[in-house]
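First comes one chain, alone, set out as structure tokens in the form predicted alone.
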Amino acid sequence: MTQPVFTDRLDYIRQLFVAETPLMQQVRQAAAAENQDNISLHPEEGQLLSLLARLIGAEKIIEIGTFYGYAALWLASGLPPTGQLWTLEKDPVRAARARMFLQNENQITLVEGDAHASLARLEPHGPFDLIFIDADKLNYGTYLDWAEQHVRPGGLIIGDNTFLFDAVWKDEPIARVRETARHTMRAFNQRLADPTRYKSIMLPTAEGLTIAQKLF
């Protein structure tokens, strides 16, 4: 039997552990074709989100920041048949793109509009088992405030892009990152690192992924 050929460690992981559905591949390829793949989730990160959702028995998931729907598909793949995911997108162009891809996904509800207003409307559906934050960085602290109130004890709060282009750990300013954003993201990570409130870790993915289990 011919042995598979791998180009690097990520290719090895993806071929061995990650099984994208045809729709996932379509969404990822669409983002790449439109030069948007740099702000989309990587396949192995999607597999991790699916696994985490499954491990905690998630039934109700919130995603803030839909983009084209790639992460939403992965998160929903970790739900049981009765589970539901609400994904929030403010940008009308991205929302329209995502709606095209997600229109036949019965477990995913796309909510278009300002995330703060959308979260308020979704509160009656709580408490939630998992929240995935991948949106405007200046509001990560506000989204965490909401998550602390509406994610159940034992549930997960996950933030993507938490390296903030490496700005969180460098002393010198980063040209593309505002100081307010750096302060917000550092505070976000610091709050989730509190061992009296969370069991947590930050993974050194390409953009940083902070994962915290809520203890209270």
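The structure presented is a predicted model; accordingly, all values stated were derived computationally and were not measured. So that there is no doubt, residue numbering starts at 1 and follows the sequence shown.
Omitted here: the form predicted in complex with a small molecule. The next part is about that form.
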*asked:* Counting only non-hydrogen atoms and a 4.5 Å threshold, tell me whether Leu85, Asp129 and Lys214 all contact the small molecule in the predicted bound form.
replied: no
_Tell me which stretch of 102 to 110, 120 to 128, 89 to 97, 76 to 84 has a heavy atom within 4.5 angstroms of the small molecule in the predicted bound form._
89 to 97
*asked:* If we define contact as a non-hydrogen atom of the residue within 4.5 angstroms of the partner, is Ser40 a contact of the small molecule in the predicted bound form?
replied: yes
*State yes or no: in the predicted bound form, is some non-hydrogen atom of Gly155 no more than 4.5 angstroms from a non-hydrogen atom of the small molecule?*
no
*Taking heavy atoms only, is Ala115 within 4.5 angstroms of the small molecule in the predicted bound form?*
yes
*Taking heavy atoms and a 4.5 Å cut-off, does Tyr70 contact the small molecule in the predicted bound form?*
yes
